[in-house]
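In the form predicted on its own, a lone chain appears below as structure tokens.
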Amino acid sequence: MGEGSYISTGEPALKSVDLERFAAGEPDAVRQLYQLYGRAVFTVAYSSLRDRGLAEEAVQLTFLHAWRAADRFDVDRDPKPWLYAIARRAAVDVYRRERRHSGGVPLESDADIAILPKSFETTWEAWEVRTALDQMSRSQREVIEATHFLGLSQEEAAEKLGVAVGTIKSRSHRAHRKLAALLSHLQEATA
């Protein structure tokens, strides 16, 4: 996968997956699940592993494990926490394998997960932000990615995106309002 393959593809975000078809193991439903949550899974894996190639491997493992366990998935539940847990475990598995193969001290227990650079809460928040971004319009996503992820000023973002600074300012305002609304459940959960 090329550089930026998990950042703003310009494709409209999928809104849902037929979970009953997914639980039946239908390949199209598995592909839909990947299209909907692939970038969020990558975010979790990359946050933990800090290596693009290893993160991509963890994404593949995540969806392979999900597909193999699809018949045990409860279709009445939200798939996000289930997929997140699989992604986190896949990242840990890749981390442990790499550590073992690189001559590092083998990890002995699940408590060793603390060695990973990011905490559970941080990776869950990254997951939620990525899923929220995937629900936004392309123009809103681009301005958030340019100013926050790439660290560009509004002037630099305007130049990169080929629009006026005033356009960046208005898109940024609307994008931040939408992002705040999409993530309001996180604030409520911590209150």
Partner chain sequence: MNCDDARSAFLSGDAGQRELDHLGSCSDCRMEWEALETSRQLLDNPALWEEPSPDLEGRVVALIGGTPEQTTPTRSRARMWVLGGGGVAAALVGVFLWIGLSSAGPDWEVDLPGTAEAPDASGVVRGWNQPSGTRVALDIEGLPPAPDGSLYEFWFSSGELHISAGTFAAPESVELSVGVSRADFSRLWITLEPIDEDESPSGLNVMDTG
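It should be emphasised that the depicted structure is a prediction, and the values quoted were computed from it without experimental measurement. Positions refer to the first chain, counted from 1.
Omitted here: the form predicted together with its partner chain. The next part is about that form.
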(message) Under a 4.5 Å heavy atom criterion, is residue 30 part of the interface with its partner chain in the predicted complex?
(response) yes
(message) Considering non-hydrogen atoms and a 4.5 Å limit, does its partner chain approach residue 126 in the predicted complex?
(response) yes
(request) State yes or no: in the predicted complex, is some non-hydrogen atom of residue 97 no more than 4.5 angstroms from a non-hydrogen atom of its partner chain? (result) yes
(message) Is residue 135 part of the interface with its partner chain in the predicted complex - any heavy atom within 4.5 Å?
(response) no
(message) Heavy atom within 4.5 Å of its partner chain in the predicted complex: which residues of 162 to 183 meet that condition, in order?
(response) 169, 172, 173, 176, 177, 179, 180, 183
